[in-house]
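Before any questions on how it binds or moves, here is one chain, the form predicted alone, in structure tokens.
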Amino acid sequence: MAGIEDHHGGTNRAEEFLQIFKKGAEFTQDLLKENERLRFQILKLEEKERQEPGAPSDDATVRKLQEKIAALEEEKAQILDRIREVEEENLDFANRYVDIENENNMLANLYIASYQLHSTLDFNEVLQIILEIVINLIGAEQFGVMLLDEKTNSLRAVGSEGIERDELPVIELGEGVIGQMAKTGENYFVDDLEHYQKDLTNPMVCIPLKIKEHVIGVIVIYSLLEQKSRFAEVDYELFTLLAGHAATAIFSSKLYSESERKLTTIQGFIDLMTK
């Protein structure tokens, strides 16, 4: 439902932007007409002066006309400045419109992806969907999904992309960046993505998978796709939403798998006793 509300909110913002953009265009048209009127008035005065060189019978009349022309030129310059300001505002609105459109698309894709996440209770399918979401929505190239073993208090990789799963180290809870983020439940992003050097114990991004405040694992990212040089504002929102949906889907699938194993065991015991 959150995805639908966000989508509607984005649509309202897009409509509001279009109204603002339309008013800006109308204002620009008015300015252009006013500028044209002033130009015409100047031409008329200049033409009158040429056709009636003797009409201004004294210097005072000539000065008055020159002052009027100077005032019109100044007004014209002000109008041109205002037109440039309006054009810059229109460009800014256009850029914001594109950003809003991108945000709406991303949220719509996340809504679809979250629906897929909750459409299965098979752990491997859930894990595969999470990997696809991180690639397609976040734009990650090398990353891993690590789950917390509460018996040993350690994080171990259960899935990866662009890097061998066995290469990812086992991290103790509270150890290094990954362990600290799993312990505190906070998101981690390096300050300078451009100069980040790959380090398996210090990822560029570490997102805890949380069910409310309970952390069950983390997503660690080591590199982004070539076309993605930085994170947009919407990405941080996506990380938070993804972490919540992925954690719930993983937790549900593991519970289901455990219940299936127990059911199979009980059924085998019953069969053994009744034979």
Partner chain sequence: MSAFKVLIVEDSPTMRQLIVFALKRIRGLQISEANDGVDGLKKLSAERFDLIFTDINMPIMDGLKLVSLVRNDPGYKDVPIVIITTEGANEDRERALALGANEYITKPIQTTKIMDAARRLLPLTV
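None of these values were measured; they are calculated from a predicted model. Numbering follows the first chain given and starts at 1.
Missing here is the form predicted together with its partner chain; even so, the following discussion is about that form.
Contact annotation for the candidate site: N104, Y111 and I129 all lie close to its partner chain in the model of the complex (heavy atom within 4.5 Å). Checked against its partner chain in the model of the complex, the candidates V190, V86, I163, I135 yield a single residue with a heavy atom inside 4.5 Å, and that residue is I135.
Though its partner chain is absent from this view, in the model of the complex it lies within 4.5 Å of a heavy atom of just one residue from Q116, N202, Q180, S154, which is Q116.
Contact with its partner chain in the model of the complex, judged as any non-hydrogen atom within 4.5 angstroms, is confined among 35-43, 243-251, 226-234, 64-72 to 226-234.
Put simply, G185 is far from its partner chain in the model of the complex: not one heavy atom of it is within 4.5 Å. Contact check for G139: a heavy atom falls within 4.5 Å of its partner chain in the model of the complex.
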